[in-house]
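One chain follows as structure tokens, the form predicted on its own.
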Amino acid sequence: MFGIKSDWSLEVKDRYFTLDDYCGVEPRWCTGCGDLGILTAMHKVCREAQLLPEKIVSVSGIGCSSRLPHYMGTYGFHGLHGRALPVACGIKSRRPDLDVWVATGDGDCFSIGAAHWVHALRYNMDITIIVFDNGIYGLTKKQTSPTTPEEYLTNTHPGGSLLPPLNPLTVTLGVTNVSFVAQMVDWNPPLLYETLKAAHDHKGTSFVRIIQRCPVYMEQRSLDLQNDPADLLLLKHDDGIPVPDTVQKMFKNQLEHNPYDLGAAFTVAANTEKIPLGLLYRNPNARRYDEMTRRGLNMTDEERLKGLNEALDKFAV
């Protein structure tokens, strides 16, 4: 083929991912479950950011919410009850290049996993924590969870809860070195997407509590909020969660809230009269433990062995 101009270079186009690239097996949550909306929003965040599926890891504990890793077309780890956060922190410490998401529930995180919840917030590693809070133990069939309202009758408390529910927002805001705290509902797709996007973009531990529908065991709780949004308080700020104009009109109660003011965040979170939606607190300057644990990852085996021997020598008698 002499004399014919030929260009044998192959242009490799950038990979483009669709929503299907982030989908795993078909979800088996109940019809009308809020988990479905959260999963869809998470898929959309990944698609819009064009995250590499092979660089994503979703980690969970036990519960309805914790089935999420099965529904992601990425790497995943379905762990033990309450232990999603230490697993996620361990992954991030050894593989800082991975995009780590944690799916946990009100029982999984706030009860058996409470100690891990507190310390993960303090470590402030670059992970995104999504709490699916439906106020009930759903997978084990209607037991009282830490966030079950007192007036709701459950199988473990048929006369109603004996104690007022835990306030996850005030607890989270009270942890040293916390850096991102937000709250949202699952039935507002535009705001849910913007909230998860902001959480994922934040460098540090993002804590997002999502008040989520359970149509089987806690249907009335979410129906009351959907039918009477006067109980909801939309938080607005230029550095908060972006609110489309069409969505803003849906909220009667709105508040200009500075997410950099920790004291103001406490005040908003502690108000039991209104449920705040949006970004309560952000501290981009909080120290990140994963920036410390990644030190030495590029060491050779010889360097690691030398360091280990030097450390052991200190105990020689």
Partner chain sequence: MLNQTDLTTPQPASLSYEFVPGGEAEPLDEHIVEIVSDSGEGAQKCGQLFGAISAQMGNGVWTVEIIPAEIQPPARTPEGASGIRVRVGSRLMTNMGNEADLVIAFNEQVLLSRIAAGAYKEGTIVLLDDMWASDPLEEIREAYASALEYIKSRGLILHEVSIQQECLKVIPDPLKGKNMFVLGMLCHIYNRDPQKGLAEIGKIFRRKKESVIRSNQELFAVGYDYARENVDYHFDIAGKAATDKPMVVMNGNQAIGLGVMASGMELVSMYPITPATSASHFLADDFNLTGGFVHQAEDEIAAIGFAIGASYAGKTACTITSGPGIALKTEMIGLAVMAEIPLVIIDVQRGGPSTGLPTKVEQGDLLASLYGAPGDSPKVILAPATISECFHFVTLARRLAESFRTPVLVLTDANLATGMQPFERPECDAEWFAPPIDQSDWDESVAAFDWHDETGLSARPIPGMRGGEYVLTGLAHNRRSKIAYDMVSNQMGCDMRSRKLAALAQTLISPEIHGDQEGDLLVIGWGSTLGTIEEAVDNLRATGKRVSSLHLRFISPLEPGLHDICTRFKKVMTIEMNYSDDPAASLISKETRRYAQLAQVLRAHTLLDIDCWSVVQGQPLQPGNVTAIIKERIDAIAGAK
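For the two forms, the rigid core is made up of the largest set of C-alpha atoms that agree within 1.5 Å on superposition. Positions refer to the first chain, counted from 1. The model shown is predicted, which means the values in this text are computed figures rather than measured ones.
The same protein also has a form predicted together with its partner chain, omitted here; what follows describes it.
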Three residues, K44, P215 and D224; all within 4.5 Å of its partner chain in the predicted bound form via heavy atoms? no
Looking at 166-174, 243-251, 146-154, 111-119, which lies within 4.5 angstroms of its partner chain in the predicted bound form, counting heavy atoms? 111-119
Please check if G76 has a heavy atom lying within 4.5 Å of any heavy atom of its partner chain in the predicted bound form. yes
Under a 4.5 Å heavy atom criterion, is D20 part of the interface with its partner chain in the predicted bound form? no
Can you tell me if R83 lies within 4.5 angstroms of its partner chain in the predicted bound form, counting non-hydrogen atoms only? yes
Is R282 near its partner chain? Define near as a heavy atom within 4.5 Å, in the predicted bound form. no
Just one of L232, I210, I91, V178 has a heavy atom within 4.5 Å of its partner chain in the predicted bound form. Which one? I91
At 4.5 Å, heavy atom to heavy atom, what parts of 285-310 sit next to its partner chain in the predicted bound form? List them in sequence order, or say none. Y289, M292, T293, R295, G296, L297, M299, D301, E303, R304, L305, G307, L308, N309, E310
Would R295 count as moving between this form and the one not shown, using a Cα shift of 2 angstroms or more after superposing the core as the test? no
My question is whether V25 is one of the residues whose C-alpha shifts by 2 Å or more between this form and the one not shown, given a fit on the rigid core. no
